[in-house]
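Taking the form predicted alone, here's one chain by itself in structure tokens.
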């Protein structure tokens, strides 16, 4: 039986989830594994790939808006809640592919999928009995400021705790950064650097709180993987990081005796 790993791609709107979902799935297939691309955003108007499984086949946000007189956000919440009625069929459709990896492209509205009760319920049902991890995507321009970076990391921790899944932090769109900007962001994970930057700022409000938050971040988030869905840089780093949390450092071949599908 083919081993299924679930990779949940999360992050704020505009962080590059759909592009990375496609690029990482392509990378998996280029390395002689198989991947299922799942669009889990019922309100998506454009997706830069052809999803193998698409929740828009089960719920129609525009129809919900018209039927219930809801705005876009209210209709998205309602549509996500309605997916509960279809989650068994969605799971069957996903697993019918018998693929190594299932890459799920989540909506950008984190409060819908991570902070409301139904989001984790849906993901837990889909991934039950399977090794699962989340990728939390961070837009590089939000990470240039230590305060913005800390805010993103705290949001990633909040999402990780809510979803109850191991997590890898991914810095996206590094092709838009200069080498100096990329080095500045990735060096924030060096011992004490982020804390030093925060405390050095004249805008810091509570020194003790900042120190405590830094300790939490350093303990729970030990690395950031710089990537580009455009150039493909860092996709192997995502795979390696996922192997550390999903396969305990082992390659998929150790769980598939034939080494082939």
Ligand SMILES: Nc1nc2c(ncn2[C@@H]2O[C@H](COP(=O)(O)OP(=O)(O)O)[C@@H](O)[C@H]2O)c(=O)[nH]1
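Fair warning: this is a prediction, and the values are worked out from it, not measured in the lab. Numbering follows the first chain given and starts at 1.
Missing here is the form predicted together with this ligand; even so, the following discussion is about that form.
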- prompt: Applying a 4.5 Å heavy atom distance criterion, does residue 19 contact this ligand in the model of the complex?
  reply: yes
task: Spell out, yes or no, whether the shortest heavy atom distance between residue 229 and this ligand in the model of the complex is within 4.5 Å.
output: yes
query: How about residue 78: is it within 4.5 Å of this ligand in the model of the complex, going by heavy atoms?
result: no
- prompt: Would residue 237 show up as a contact with this ligand in the model of the complex if we use heavy atoms at 4.5 Å?
  reply: no
Heavy atom within 4.5 Å of this ligand in the model of the complex - residue from 118, 87, 82, 176: 176
